[in-house]
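Presented below, as structure tokens, is a lone chain in the form predicted on its own.
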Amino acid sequence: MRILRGEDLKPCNSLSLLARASALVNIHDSRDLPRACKWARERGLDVVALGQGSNVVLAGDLEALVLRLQTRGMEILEDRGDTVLLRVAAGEDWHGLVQWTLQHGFHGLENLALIPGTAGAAPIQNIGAYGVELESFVERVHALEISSGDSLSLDAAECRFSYRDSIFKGELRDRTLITAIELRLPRQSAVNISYPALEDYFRDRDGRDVTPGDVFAAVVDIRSAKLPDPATFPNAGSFFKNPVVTPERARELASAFPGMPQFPQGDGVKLPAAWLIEHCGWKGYRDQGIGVHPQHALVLVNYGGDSGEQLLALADRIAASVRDSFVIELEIEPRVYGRRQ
């Protein structure tokens, strides 16, 4: 286990923000995790896990042991004929996993194609896209308790999944390290194209003969057209959650803002944060190397400013304008680490 001191974290986060870590270890074998956690405890350091750094904002230097989880491995634990149970190491690339499942005839994840990050990061915010959420497929999440080095295992119910949320963002935040996930996937090639963007994409086919591979390709096309490549324009994807309001509040907003899109779900109504932000005039805004992408108002971009504090200050200004205009609170999706005064 090689410990790197004062390591530059700019290459380790998709926003390409400047920050350094007190110490960093690249983890290729999950059996090294208990030893790394013990090393951090002995020195009074927090432990921060980074996969591909695609859903974090580094607001400053991290007085912590940063663990870059680069473990690999995909294993079929059980094959029932109609479904398979997969165990996936935390360090596996998520998009690569989606491709692998389709190549092997396992379906369901195609709507989640091209989401950046690792398999281990996926349950933390219950990733979702185009009408599908990860929780539909999770059977179990394996983790390690930072304070003791002990292993633990949580079934889907214990993970407390909800919209862009889980126990790993709440009660277990910064207390556990996810080491692997188990997913149950169907072999049946039923597809979900109920999301408006996919309905439009396949409109000429009226949903006929659409395969999971077709859905995968469509999602890749749509995401590639809408969202900037972090390698070209450093970003963390969708920066704000889509707020959910009561049906009564949704009716009030529809009356006051007739063009506002609304999506009923469960007991509430989801509102597109991108529409709210664009309505407030932020789309395409740019100042001092930080800005809002001109094609998607939900994406904050680092054009060379490099400061996490500066980016978070812009996020605060955006949220304040939405609050003033709509009396709606926006919540950011990425985790924030580092000093923030």
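Residue indices: 1-based, along the sequence shown. All values derive from a computational prediction rather than experimental measurement.
Keep in mind the form predicted in complex with a small molecule is missing from the figure; the text below concerns it.
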Which one, 116 to 124, 265 to 273, 187 to 195, 247 to 255, holds residues whose non-hydrogen atoms are within 4.5 Å of the small molecule in the predicted bound form?
116 to 124
Please tell me which of L97, A218, L177, L183 lies within 4.5 Å of the small molecule in the predicted bound form, judged by heavy atoms.
L177
If we test each of V84, L227, M260, L154 for a heavy atom within 4.5 Å of the small molecule in the predicted bound form, the one that passes is L227
Just checking whether C159 would be counted as a contact of the small molecule in the predicted bound form - the rule being heavy atoms within 4.5 angstroms.
no
Using 4.5 Å between non-hydrogen atoms, is L311 touching the small molecule in the predicted bound form?
no
Would you check, heavy atoms only and a 4.5 Å threshold, whether N302 touches the small molecule in the predicted bound form?
no
Using a 4.5 angstroms cut-off on non-hydrogen atoms, would L69 count as touching the small molecule in the predicted bound form?
yes
Looking at the small molecule in the predicted bound form, is some heavy atom of each of A49, R223 and A236 within 4.5 Å of it?
yes
